[in-house]
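In structure tokens, one chain follows: the form predicted on its own.
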């Protein structure tokens, strides 16, 4: 069995697998951030919190407490409702906050997303009981899938849940890239991001493009929240912002803030650095130090990121 130095007995493959799965979540958050940067030229600090909203909604629906009504939805239905509500929160953000401020300096829009984040966490704290921890079961705990199947492969084990999670995130990432390359709506978003005046001249509605991009970003953030928090014992208000937002922003900058493939590549890199650092270094803050160093090195060598064309 291959082992690295620094006195660790952790197999090489285990942090590799966990890093890829964790990095997929960061990549999905980064995809939403890049999508909004391409269309609105802002960073959305509420992006990860759409995932918390989705996971908490799914929890309430599954456990029969959504809006005080004893739903007790099947797991898949509850998750679908959570993703819909998480996406809807992004739509409301665009309509109620971004749209009225659209003509203001970009920094005002960024501050607006911070306000949305703080408001969302405040509402979550009102509806989540501090004495009753929220817990959304994973797919392997609900009967929808066989219990954790483990197959020895090189130095690590693979569970079906990890495989399914990775497949879902990769498919969504590829779909996002294909959307921009081959769909009329994706082309419209790119046109508005590059030449908004010219795009409006040829009949492309900037307001419609803005709504579409926020809807897609909300969907991506919601799915990231579900796959990251299903089965997690720490489903609390603000959890996705606290655990995934910095990783998502780092991934977007590493990959290049205008590159959809770069966002996912950056997410994978952040996840791998996190897991390998946690496995082979034990001092406090080692993961953050390692990610920060990687980010600085990439930006010093490639200021536009790994795959970015312009910022």
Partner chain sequence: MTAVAAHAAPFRLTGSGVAARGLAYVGLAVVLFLPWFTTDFSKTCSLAVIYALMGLSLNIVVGYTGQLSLGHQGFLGLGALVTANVVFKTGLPIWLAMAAAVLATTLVALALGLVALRITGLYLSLITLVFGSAITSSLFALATFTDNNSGVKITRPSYLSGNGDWYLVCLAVLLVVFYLDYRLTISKIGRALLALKENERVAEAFGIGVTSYKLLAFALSGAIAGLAGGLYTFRGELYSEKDFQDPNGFTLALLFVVMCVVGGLGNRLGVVVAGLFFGLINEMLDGLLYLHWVRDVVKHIPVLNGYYDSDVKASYLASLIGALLLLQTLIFNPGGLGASLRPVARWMTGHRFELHDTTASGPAAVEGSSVRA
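Residue numbers count along the first chain shown, from 1. None of the values given here were measured: they were computed from a predicted structure.
Same protein, other form: the form predicted together with its partner chain, not shown, and the subject of what follows.
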property	result
Option touching its partner chain, based on a heavy atom within 4.5 Å in the predicted bound form, out of 181, 106, 72, 208	106
One residue of 117, 223, 230, 188 in contact with its partner chain, assessed in the predicted bound form (non-hydrogen atom, 4.5 angstroms)	117
Stretch in contact in the predicted bound form with its partner chain, which is absent here, among 118-126, 209-217, 162-170, 76-84 (heavy atoms within 4.5 Å)	118-126
Interface membership of residue 64, its partner chain in the predicted bound form, 4.5 Å heavy atom rule	no
Contact test in the predicted bound form: residue 272 vs its partner chain, heavy atoms, 4.5 Å	no
4.5 Å heavy atom contact, residue 89 to its partner chain in the predicted bound form	no
Touches its partner chain in the predicted bound form: residue 175 (any heavy atom, 4.5 Å)	no
Full three-residue contact with its partner chain in the predicted bound form, heavy atom 4.5 Å, for 45, 96 and 295	yes
Within 248-282, the residues that have a heavy atom no more than 4.5 Å from its partner chain in the predicted bound form	249, 253, 257
